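Shown below, as structure tokens, is a lone chain in the form predicted on its own; questions about how it binds or moves come after it.
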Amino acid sequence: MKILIKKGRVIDPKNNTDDILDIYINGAVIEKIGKNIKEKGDEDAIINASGHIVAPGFIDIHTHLREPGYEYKETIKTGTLAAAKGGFTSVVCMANTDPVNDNKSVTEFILKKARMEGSCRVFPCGAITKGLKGEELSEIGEMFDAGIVAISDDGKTVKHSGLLRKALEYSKIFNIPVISHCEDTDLSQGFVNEGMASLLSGLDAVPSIAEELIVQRDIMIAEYVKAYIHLTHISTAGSVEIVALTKKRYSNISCDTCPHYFTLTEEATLNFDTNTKVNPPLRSEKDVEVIKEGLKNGTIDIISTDHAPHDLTSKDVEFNLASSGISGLETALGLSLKLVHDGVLSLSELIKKFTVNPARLLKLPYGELGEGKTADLIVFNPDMEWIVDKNLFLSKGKNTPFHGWRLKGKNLLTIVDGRIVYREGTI
């Protein structure tokens, strides 16, 4: 297919591009980028992007697609549809499926299903330990040969320090990152942040130190064995400060946070809406401000979604019994653009946290626009206002605390490998 995108504001942080340009796509490749390109697109494939942003397709390093095993919550088909709608052309799916992705067979199943039914690229993340039990290392080498791009026991911390050390040493052999879920489970027996939320609600509390202790431990082990460590969905001021200090002396470290950690505070849990129950929990106003500052000064490298879709019955229960997580792929861009509107980040800085930095972490040849590069890109309008309606989500997961919110900024077009996989009616 031949696609011509005309007169969009092309922002590509990797190549320091920010200009009004045309992009001509021939098949799966960007053939030309420039002004007043004369080539023709196929019928219905000439896109007027005037007034819109053209950017590399976003990469989400932390997604739960639920398949195999929890197809009633999400499937690879519905999850990637949601991703494409949200502006993501690549997603990394976590290993907490059933069976757990701790072996070659499950990895191959995910990749095969993604090739058959996926609307965007899917990169599996393998489990660090068999069955996520924290007792024995998974077959990391076999999973790497099958196609994993990282290892993580996300949803759980590798409690055994010696086992984590071995995993980090293996990760050096295969040159893939360990993505660490930082939670001291002996301290985090609650459901909301320890502070105002737990005091007023009476719900059992999760102190910030439960995250910060493991952040510090995992960094120390990684530094000791000289391995790369990525800390996912960090939520506390203390975690940001630990990472900032570490980066001054150790370069093989990165971290991400999620839109709900710079958009909501623990106050949102006080009405007992189970859609605000996440792990780690929503934190204090101070934590939110430090998370924003960490995004601004580069301490936090990546914005991920931690897309965690659930069926209604998993959320329509008492707060302490509800499953944790937010269906986040379709609201991530709109929520994150508030950082731009509020002057926290420039558009280029925001796009970099969704593209260049995750591509660098996972060593993927995506996240940039250039002649001869793969045609993965999006067109979005940063000023278009829209109302979040969970009933219009393409994800099976309707669990969002943002239903009814008015957001400013919306994705309108997603192209993966030269194919239009999502198109809003207004473009």
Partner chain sequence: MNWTKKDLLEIKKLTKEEILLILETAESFKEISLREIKKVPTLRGKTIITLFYEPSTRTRTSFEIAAKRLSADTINISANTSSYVKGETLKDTGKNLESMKPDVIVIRHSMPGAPHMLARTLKSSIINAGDGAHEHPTQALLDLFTIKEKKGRIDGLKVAIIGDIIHSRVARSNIFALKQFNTEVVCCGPATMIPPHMEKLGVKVEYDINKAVIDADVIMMLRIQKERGGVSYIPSIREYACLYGLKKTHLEKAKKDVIVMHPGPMNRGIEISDEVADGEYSVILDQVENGVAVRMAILYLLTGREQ
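Numbering follows the first chain given and starts at 1. Predicted, not measured: the structure shown is a model, and the values here were computed from it.
One more form of this protein exists, namely the form predicted in complex with its partner chain; it is left out here, but the text below deals with it.
The stretch that touches its partner chain in the predicted bound form, counting heavy atoms within 4.5 Å, is 320-328, out of 320-328, 83-91, 254-262, 149-157.
For the three residues Glu183, Ser188 and Asp287, a heavy atom within 4.5 Å of its partner chain turns up in the predicted bound form in no case. Among heavy atoms of Gly118, none comes within 4.5 Å of its partner chain in the predicted bound form. In the predicted bound form, at least one heavy atom of Asn271 sits within 4.5 Å of its partner chain.
Among residues of the shown chain, Leu200 is one whose heavy atoms approach its partner chain to within 4.5 Å in the predicted bound form. For the chain shown alone, Met196 is a contact residue for its partner chain in the predicted bound form, at least one non-hydrogen atom being within 4.5 angstroms.
Taking a 4.5 Å heavy atom cutoff to its partner chain in the predicted bound form, none of the residues in 116-137 make contact.
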